[in-house]
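Here we start with a single chain on its own, the form predicted alone, put down as structure tokens.
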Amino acid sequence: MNKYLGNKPALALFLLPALLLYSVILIYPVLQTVLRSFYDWDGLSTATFTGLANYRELFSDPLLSTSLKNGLLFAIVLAVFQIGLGTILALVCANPQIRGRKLLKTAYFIPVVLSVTVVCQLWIAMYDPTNGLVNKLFELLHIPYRQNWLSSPTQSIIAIAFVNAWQFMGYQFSLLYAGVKAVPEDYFEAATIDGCGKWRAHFHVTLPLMRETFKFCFTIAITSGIGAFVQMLIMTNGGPGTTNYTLTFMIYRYAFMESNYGYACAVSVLLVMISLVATLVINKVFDRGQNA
């Protein structure tokens, strides 16, 4: 094996097709987006080079602060609901003494296979201020908390984020459950023999050993929140007003509604940069904890 791995020309020859394909599919579009962000371009006519004008306009755009705040809120809801609740459910379902855990695992994953459009229409009906199930539940519990969920400028982004978190919790749950099952049972049994209760043993043994799983799950949740788009488009079309805009919704508006492709490319570059920084920070935080 070492003989073949040491043949660098042969390795380069075999890697070349994959490298070319990766460059065409990923690197070339990214470089084109960065290049177009320096132009005033409507997508059809000849582009005009404007330097950093799109970026100067972007950082004075009032939609930017709204989009960044909504992306952060969306990411927090996904992280808390999908990873927090998903971890508890994974620990429960990993316990062989729990009856019906196979049915629970299947039930958690069902929303993932549903169409996003179907799920959004379902929750639009449930959020209906007059006949929606959510307000009806508050009435049944005699809680005077009747809300117009999707028309509220402050609550609608949380309501929409919850829909995304609910639908894709099964995906994160699958990753977390696999992480729990990958922890050697000997460690857990040794902790319980030393006097730890089950939940304390999970806290001191299982969760620290799931560091790589958590790093991957947090990366998915945070980047998904920053780039959220479909649920806003279907459920409120970015409204009321522009209160539910995200960076991705800004790209959609400027590229396809206002034909300002150069400006939309500048927003795209900012979105990629924020996602990269978030990923690097998450990796740094988890790697620091591992080396401590």
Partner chain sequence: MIIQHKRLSALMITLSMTLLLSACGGNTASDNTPAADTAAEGGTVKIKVYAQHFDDDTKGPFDYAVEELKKEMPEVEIELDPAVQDGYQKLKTYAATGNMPDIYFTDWATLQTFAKSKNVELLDDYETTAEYKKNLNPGVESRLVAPDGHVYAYPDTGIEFQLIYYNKTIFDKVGIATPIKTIDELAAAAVKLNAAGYVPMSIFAKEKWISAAFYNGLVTREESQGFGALGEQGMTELPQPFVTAAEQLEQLQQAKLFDANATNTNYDQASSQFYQGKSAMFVNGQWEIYSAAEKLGDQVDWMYWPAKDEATYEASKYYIDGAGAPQGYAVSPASANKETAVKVAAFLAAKSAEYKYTQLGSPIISPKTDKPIASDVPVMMQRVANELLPNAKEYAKLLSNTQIQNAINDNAQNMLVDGFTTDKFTENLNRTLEKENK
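Residue numbers count along the first chain shown, from 1. Source: prediction; values computed, not measured.
Below, we refer to the form predicted together with its partner chain, which is not included among the displayed structures.
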Problem set entry | One stretch from 23-31, 66-74, 48-56, 219-227 that, in the predicted complex, holds residues within 4.5 Å of its partner chain by heavy atom | 23-31
Exercise. Given that the partner is absent here, does residue 150 sit within 4.5 Å of its partner chain in the predicted complex, heavy atoms only?
Worked result: yes
For this session: Evaluate residue 129 for contact with its partner chain in the predicted complex, applying a 4.5 angstroms cut-off between non-hydrogen atoms, and reply yes or no.
Result: yes
For this session: Answer for residue 16 alone: is it within 4.5 Å of its partner chain in the predicted complex, judged on heavy atom distances?
Result: yes
Exercise. Would residue 235 count as a contact of its partner chain in the predicted complex, using a 4.5 angstroms cut-off between non-hydrogen atoms?
Worked result: yes
Exercise. Hey, which residues along 25-64 are within 4.5 angstroms of its partner chain in the predicted complex, non-hydrogen atoms only?
Worked result: 28, 31, 32, 35, 36, 42, 43, 44, 45, 57, 62
